[in-house]
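Taking the form predicted on its own, here's one chain by itself in structure tokens.
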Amino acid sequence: MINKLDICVLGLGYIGLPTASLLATKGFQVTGVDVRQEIVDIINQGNIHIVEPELDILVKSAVQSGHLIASLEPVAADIFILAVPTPFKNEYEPDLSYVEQATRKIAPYLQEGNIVILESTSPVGTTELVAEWIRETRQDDICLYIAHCPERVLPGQILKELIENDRVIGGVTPEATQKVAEFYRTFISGRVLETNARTAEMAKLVENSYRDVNIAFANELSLICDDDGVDVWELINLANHHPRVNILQPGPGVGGHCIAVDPWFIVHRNPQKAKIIKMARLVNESKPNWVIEKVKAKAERFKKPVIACLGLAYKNDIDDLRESPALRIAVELQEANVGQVIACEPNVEEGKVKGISVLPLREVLHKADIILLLVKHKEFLDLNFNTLQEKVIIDTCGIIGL
């Protein structure tokens, strides 16, 4: 029976930990591997180190059942899942070092007939590299079933979407595709769509590039409307009443590990052809600079203003700071010495985040001269802005008027 198989998950972050704990509660015996001792210890205590609704309950259940154990080292298993970061380095070149390290780490534990799944979002050709790195490390050519199955979940809804979303499976061989698809069908209710490794890799990059291009259109509209004295939020609402128009919402930029990163994987590999994708990235990457200039202009009326940044995460109601435009704006305002920068981020512990003082909302609002609305956290949606009329308010995410 496939549900009796052992699974080893490398990387216990926003994708790896939910995946490992979900599989453990489905009856698989799961070893989760992370390079950080503190993360291993936290999980083995039945606790979590990231914010995600209901994940704490799932992890505790998985650990208490004995089906989930965290470790610094891999173990022999039937299925290996790689869920490690794939950032980029200088000039937006994909950094595959984490994938390579994880692949080489599991290589000695692999046995004939094992399944190896790359879930990390990756440039086209990475799954084939995984197969090559395994052969190089082992110096043999055992039969393995290697495939890419990109994650496609929304932070804040990960546990629901891990089960309900359709999944794309692309093997380096047709047999690998079939084997891995059979595995995913045992624990998800969405459709399992079979293809080859390169198409699966490209599918994830295209999904996030599509989002990025459409957000860039909204962000570009916000710049134009600001110059023309038009309320961009009202404009988009009106335009979206057209039956074939669905403009997204502008913001202070685009963050997160996926949308802010994945389009560059396409651009780096296809620099002469990916023109729209590249331009969208440049529009979205420039939006924080525009916000900073808006703040600087308002700050001129004060001697040393207190600038309150509401939100530091890259999107609403999560604690994820990866590639966050809000955090970038706060840090660069502080570095530019525009004023005293403080922040309220309800999803992280109060204290310091990259040198920014994170304080309770009431205290932040009281101290602020300039209130910069950066993230649409639920805690900010019910603010009575009529009581803050003596403050300068800059809304970059459309909270006012909701």
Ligand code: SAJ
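Please read all numbers here as calculations on a predicted model, not as lab measurements. In case it trips you up, residue 1 is the first one in the sequence shown, and so on.
The form predicted together with this ligand is left out here; the points below concern that form.
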| query | finding |
| --- | --- |
| Which of 204-212, 169-177, 93-101, 224-232 sits within 4.5 Å of this ligand in the predicted complex, heavy atom basis | 204-212 |
| 4.5 angstroms heavy atom contact with this ligand in the predicted complex for Glu285 | no |
| Contact flag, Cys258 vs this ligand in the predicted complex, heavy atom cut 4.5 Å | yes |
| Distance check, Asp317 to this ligand in the predicted complex, heavy atom within 4.5 Å | no |
| This ligand contact at His268 in the predicted complex, heavy atom, 4.5 Å | no |
| Among the candidates Gln111, Thr199, Gln249, Asn240, the residue which, in the predicted complex, approaches this ligand to within 4.5 Å (heavy atoms) | Gln249 |
| Partner-contacting position among Leu310, Leu82, Val254, Ala330 - heavy atom within 4.5 Å of this ligand in the predicted complex | Val254 |
| Interface residues of 134-158 toward this ligand, as seen in the predicted complex [heavy atoms, 4.5 Å] | Glu151, Arg152, Val153, Leu154, Pro155 |
